[in-house]
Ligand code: KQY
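This document opens with one chain alone, in structure tokens, the form predicted on its own.
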């Protein structure tokens, strides 16, 4: 039975593991919202299914689908993928799902952040968001994992950790007054330290140019292993992204992690730039909340927005000249994993990437007889190689 705890992960000896640590499986949500996903989400659903199938080559996958979409999701997804009925307002599991934490014994719990659709009534992307704010609790109850309900508005895509006490984030997002207006930077840091058990927080300035999440760090920079990060980059000095990435490089190059190690910064050239086409705009329903997307708008495309699986990397591709170089960069950075590219433009049109629509559940350890991962299938307890 899942319990809501009154203690803190830091007090209880729990930490947020890095994404390159071993997984029990992956969680996703099924897209349906017509003002986020064009053409009634038909094209997005095809790419979500392709992402789920790619991840399922390496680890168990569970997809939550609204009741009216359950049969459609079950039909489109491969049989080994578990589909559970789960209502939501949209399909961003990274941002609405739990942030899993583990202790030294391999026990797993979850942090349930508060969610306000990327800004609430002050610049948020949709309303209401009440169902999304319940997603983390539902996942934890399905997995019978205890829950910490944090008093902080935070999306999972706003943070990256190395699992050894270091966290990277952006001031553009976490210090945005439409998230936690009553909290200072120091108070936000205290919450991050208490709920994730980190000791060093590296603040970058802005996220990827035109990122509608207010600059989530998972589109800009991520840990690939302890003391090594990957940064989205462009060589075009006239591109607005150049100065953003240059400033991030400056901060990262001068930073050290929680164990005193200087960071090695790898770069991957961004796609494009990419933009909404007239054909794509024609099949998008106008947003009821006033957030619009239109022909010519720039897309916040990034190869950093990938998913690390047990023994694999699932990388977004955009039919772009930079795709091949990105595949090579990821293969070089993860020689022990197999890199799988998946077309992800439809996911990008919705406002995110492969990392945004996924949430890893760390391996942990369970008593004998409860050895089932999120797919419900035994034998998915493999460690990352």
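Numbering follows the first chain given and starts at 1. Everything quoted here is computed from the prediction, not taken from an experiment.
Although not depicted, the form predicted together with ligand KQY is the subject of the following passage.
Participant: Of 67 to 75, 275 to 283, 91 to 99, 132 to 140, which is the one stretch near ligand KQY in the predicted bound form, taking non-hydrogen atoms within 4.5 angstroms as near?
Facilitator: Heavy atoms within 4.5 Å of ligand KQY in the predicted bound form occur in 91 to 99.
Participant: Just to be sure I understand the contacts: of 267, 261, 293, 298, which is the one whose heavy atoms reach within 4.5 angstroms of ligand KQY in the predicted bound form?
Facilitator: Comparing distances to ligand KQY in the predicted bound form, the residue within 4.5 Å is 293.
Participant: Ok, 189, 107, 212, 228: which has a heavy atom sitting within 4.5 Å of ligand KQY in the predicted bound form?
Facilitator: The residue in contact is 212.
Participant: Decide whether residue 31 counts as a contact residue for ligand KQY in the predicted bound form under a heavy atom distance cut-off of 4.5 Å.
Facilitator: No, residue 31 sits far enough from ligand KQY in the predicted bound form that none of its heavy atoms falls within 4.5 Å.
Participant: Should residue 316 be counted as a contact of ligand KQY in the predicted bound form, where contact means heavy atoms within 4.5 Å?
Facilitator: So residue 316 does not count as contacting ligand KQY.
Participant: Would you classify residue 118 as touching ligand KQY in the predicted bound form, given a 4.5 Å non-hydrogen atom cut-off?
Facilitator: Looking in the predicted bound form, residue contacts with ligand KQY include residue 118, since a heavy atom lies within 4.5 Å.
Participant: Would you classify residue 341 as touching ligand KQY in the predicted bound form, given a 4.5 Å non-hydrogen atom cut-off?
Facilitator: Output for residue 341 is no: heavy atoms all beyond 4.5 Å of ligand KQY.
Participant: Note that ligand KQY is not shown here; using its position in the predicted bound form, name the residues of 346 to 361 with a heavy atom within 4.5 Å of it, in sequence order.
Facilitator: Stretch hits, in order: 350, 351, 352, 356.
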